[in-house]
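The form predicted on its own is given below as one chain in structure tokens.
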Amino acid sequence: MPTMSGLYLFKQCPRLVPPVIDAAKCNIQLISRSLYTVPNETLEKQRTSPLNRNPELRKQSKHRVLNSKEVSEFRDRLPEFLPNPNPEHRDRISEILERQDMVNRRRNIDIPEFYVGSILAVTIADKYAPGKDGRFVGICIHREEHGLRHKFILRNVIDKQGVEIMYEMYNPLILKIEVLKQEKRLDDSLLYLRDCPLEYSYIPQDLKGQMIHKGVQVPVNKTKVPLGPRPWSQRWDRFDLKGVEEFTDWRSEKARIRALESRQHPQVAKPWEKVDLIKHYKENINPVEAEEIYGEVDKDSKNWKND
């Protein structure tokens, strides 16, 4: 039972109670996390300990040392193997297990090399389709997420309507992934095609694949597409897009000048981010860890399935 002084304090200062409760809940969560979470250093000592009965866990992986150029190429080809750089989402054990599942999946299905801007054909198992499978052809406009949650979006035009399908790359329902045309674009994401004329997203469903030669540099498609009339799904005029033509359909000269000033505003342009080392470190995996991960991937890639 609260005392009279406690009731008086609650009546006089009701706004002080919720922050105190939130702080107490936060402390309880931190204490419970520290009690039920084993540090990665402790797990690593147990894994490499001579008392460990499993010799496979004690055996250190010996892979070829990669140089910085090879690591950069792996970052472009296989970005999903790098874990989430956010330290709040890092878990070393789950990352290792996910990479093992990804490698096992690649041993059973050919997942070719492709980039944003490449034209793909994906065949998935569909129990409601006449042949128990469905095939969709489209241009890859976006890739996101890490590990087993890595996704990519294909876009095409069906019956004069833009259609997009998001696929999980390591989904077991995927039967086949074909690269019909391997190329890159000037931007890392082509989501602005949603606000462009449909002719720039149309890919024939019966398009035949082109011959892809290994060891040849991937060509870059330097096509610039025009934006359609407003409204847009995003303020594309505020982005530094290299694959979009300069927008000229302004309502007035004053609106054009206002948009140009807003793009150059420090809070929008953020010029300090180019030299922000801490931000770059938090948003990217450091080269040493990336070299270790891609070294193991390179060692096991010889066992991957290649059609």
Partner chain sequence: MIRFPLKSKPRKFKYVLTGCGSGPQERVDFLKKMVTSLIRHERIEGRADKMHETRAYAEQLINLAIQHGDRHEPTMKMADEWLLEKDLVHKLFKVLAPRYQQYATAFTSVHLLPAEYPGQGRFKAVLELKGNPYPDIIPRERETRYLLTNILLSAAGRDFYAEQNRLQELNTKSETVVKDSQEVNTSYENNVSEISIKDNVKVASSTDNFKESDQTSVSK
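Numbering follows the first chain given and starts at 1. Computed from a predicted model, the values in this text were never measured in an experiment.
In what follows, reference is made to the form predicted in complex with its partner chain, a form of this protein that is not presented.
Asker: I need to confirm a contact call. Of 282, 258, 265, 64, which residue comes within 4.5 Å of its partner chain in the model of the complex, counting heavy atoms only?
Answerer: The option sitting close enough to the partner is 282.
Asker: Taking 186, 189 and 194 together, does each of them reach its partner chain in the model of the complex with some heavy atom inside 4.5 Å?
Answerer: Checking in the model of the complex: none of 186, 189 and 194 is within 4.5 Å of its partner chain.
Asker: Report whether the minimum heavy atom distance between residue 254 and its partner chain in the model of the complex is within 4.5 Å.
Answerer: Contact with its partner chain, no.
Asker: Is residue 276 close enough to its partner chain in the model of the complex to count, meaning some heavy atom within 4.5 Å?
Answerer: Because a heavy atom of residue 276 falls inside 4.5 Å of its partner chain in the model of the complex, the answer is yes.
Asker: Sequence order please: the residues of 239-273 with a heavy atom within 4.5 Å of its partner chain in the model of the complex.
Answerer: 271, 272, in sequence order.
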